[in-house]
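A single chain comes next, written as structure tokens; it is the form predicted alone.
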Amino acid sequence: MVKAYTQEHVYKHPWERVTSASWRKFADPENKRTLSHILEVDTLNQKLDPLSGKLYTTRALTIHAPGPWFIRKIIGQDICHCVESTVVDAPSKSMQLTTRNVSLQKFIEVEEKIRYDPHPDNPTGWTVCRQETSIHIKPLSALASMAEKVEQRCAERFMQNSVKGREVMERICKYLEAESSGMAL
């Protein structure tokens, strides 16, 4: 079974500010407490296509493995490595991020897609964020009956972390807004 969910959030900030905040989300030391499940982020590749104006970036994320502690004990790991692929289409004002785990795949597969676009009701002032996440626990012979419960628990943890991520994004957007207007926070 696969546990999937979608969320939508409206940032009352312009697309340029929200996407700038997205790039800074993991780098700001103040956010490390809020996003404590993110252990490390490294940029692996970045390429600007001069013809299309699109920026392609690949980052490696090391995170504290989601799920209940007893599952992490069985698996023998409590960290997970993920790859995040980002495409920023500045001319069209679209930013898409896709994150997948590359470790622990024989136990769990997670895919998260996030898209930032100008809000249709206020395209110059607001940004809509759509997040789709799917979690699939691969049944272990001894844990087959628990797979659905573990997927639910992982989904709950991802939703909690999404709330934290939005809080961080809002904080960075407010900082960027104050910075652009020449005010210090």
Partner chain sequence: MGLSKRERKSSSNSTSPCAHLRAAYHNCFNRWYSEKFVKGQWNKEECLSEWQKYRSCLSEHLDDKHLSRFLQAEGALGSIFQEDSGNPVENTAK
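Residue numbers count along the first chain shown, from 1. All values reported here derive from a predicted model rather than from experimental measurement.
What comes next is about the form predicted in complex with its partner chain, which is not displayed.
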property: Heavy atom of K174 within 4.5 Å of its partner chain in the model of the complex; result: no
property: Exercise: T19 in contact with its partner chain in the model of the complex, heavy atom 4.5 Å; result: yes
property: Non-hydrogen atom contact L55 with its partner chain in the model of the complex at 4.5 angstroms; result: yes
property: D78 within 4.5 Å of its partner chain in the model of the complex, heavy atoms; result: yes
property: Candidate spot E109, I137 and F158, all three touching its partner chain in the model of the complex (heavy atom, 4.5 Å); result: no
